[in-house]
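The data below hold one chain only, encoded as structure tokens and taken in the form predicted alone.
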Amino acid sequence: MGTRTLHVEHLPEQRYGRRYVWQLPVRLSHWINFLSLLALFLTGLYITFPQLAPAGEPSQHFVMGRMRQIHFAAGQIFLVSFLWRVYWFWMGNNYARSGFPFVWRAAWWRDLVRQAMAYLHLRRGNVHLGHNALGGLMYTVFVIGLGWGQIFTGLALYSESNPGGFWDHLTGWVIPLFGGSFRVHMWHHLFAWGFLVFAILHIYVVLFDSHQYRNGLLSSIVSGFKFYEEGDLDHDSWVS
């Protein structure tokens, strides 16, 4: 009886590593923005539709006044955190800038199309340690774009409580530009619902990518670290 020889093909050993991606200022601004926007959205809903207003004289309850205080305080916190994140875009590492839409680079457009097709077909796309092109574009449009819209319209409305004051001089021009206080209110509310749409999409994509890539995506916004296989970092070359 002959002896069978089992030939085993030796595959090259894959290399794994861990990279510090999200620096502390990026992580802090992410969670501060989340908490402040949550407070702004909930208090904004109450200010617009005070369905749970208590009975009796308002001077005995001050619920609306307290909601407005929380809303204004959360708005100031969001403003500081937002400006800090913009500052860290320039001062942070390469991944702090990975969400910027480099529309003048062909590599950015190729990455955008590849990532969009991967999501449409529910398949694993290219691995990025920072934001991919599609994620960066959505972040720029929804977070940065809507953020500036909320900041200017919100401060303009806030300035009405002190005509001729600091905020009136800084952002009072927004009200006549939009055609009056009522229209500014409407745009402010519309931008707020835009944040809700972004939050739903953001949570879905994060959970989807976390399942597909299994590289510490969820934990990275707390620890700052992501894991990678050999070759993953090449897909982030377009942000350098």
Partner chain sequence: MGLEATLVPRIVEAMDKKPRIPVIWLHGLECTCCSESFIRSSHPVAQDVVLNMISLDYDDTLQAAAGFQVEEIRKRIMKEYAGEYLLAVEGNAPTRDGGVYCTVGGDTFLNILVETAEKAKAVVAWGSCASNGCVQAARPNPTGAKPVKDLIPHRAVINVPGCPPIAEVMTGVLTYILTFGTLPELDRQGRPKMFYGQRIHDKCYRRPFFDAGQFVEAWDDEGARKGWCLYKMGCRGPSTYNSCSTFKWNNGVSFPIGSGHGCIGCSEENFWDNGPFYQRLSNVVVPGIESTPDQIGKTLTVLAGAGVAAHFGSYMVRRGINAAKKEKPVPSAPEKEGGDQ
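Positions refer to the first chain, counted from 1. Fair warning: this is a prediction, and the values are worked out from it, not measured in the lab.
The next section is about a form of this same protein that is not shown, the form predicted in complex with the partner chain.
*Asks:* Out of the stretches listed (114-122, 128-136, 85-93, 100-108), which one is close to the partner chain in the predicted bound form, meaning heavy atoms within 4.5 Å?
*Replies:* So the stretch in question is 114-122.
*Asks:* Using the partner position in the predicted bound form, report whether residue 181 sits within 4.5 Å of the partner chain, counting heavy atoms only.
*Replies:* Contact with the partner chain, yes.
*Asks:* So, residue 30 and the partner chain: in the predicted bound form, are they within 4.5 Å at any heavy atom pair?
*Replies:* Result no; residue 30 lies far from the partner chain in the predicted bound form.
*Asks:* Is there a heavy atom of residue 145 lying 4.5 Å or less from a heavy atom of the partner chain in the predicted bound form?
*Replies:* Outside the cut-off, so no.
*Asks:* Taking the partner chain as it sits in the predicted bound form, is residue 69 in contact with it (heavy atom to heavy atom, 4.5 Å or less)?
*Replies:* Contact check for residue 69: no, nothing within 4.5 Å of the partner chain in the predicted bound form.
*Asks:* Would you mind checking 202-217 for residues with a heavy atom within 4.5 Å of the partner chain in the predicted bound form?
*Replies:* Counting only heavy atoms within 4.5 Å of the partner chain in the predicted bound form, the contacting residues of 202-217 are 204, 208, 211, 212, 214.
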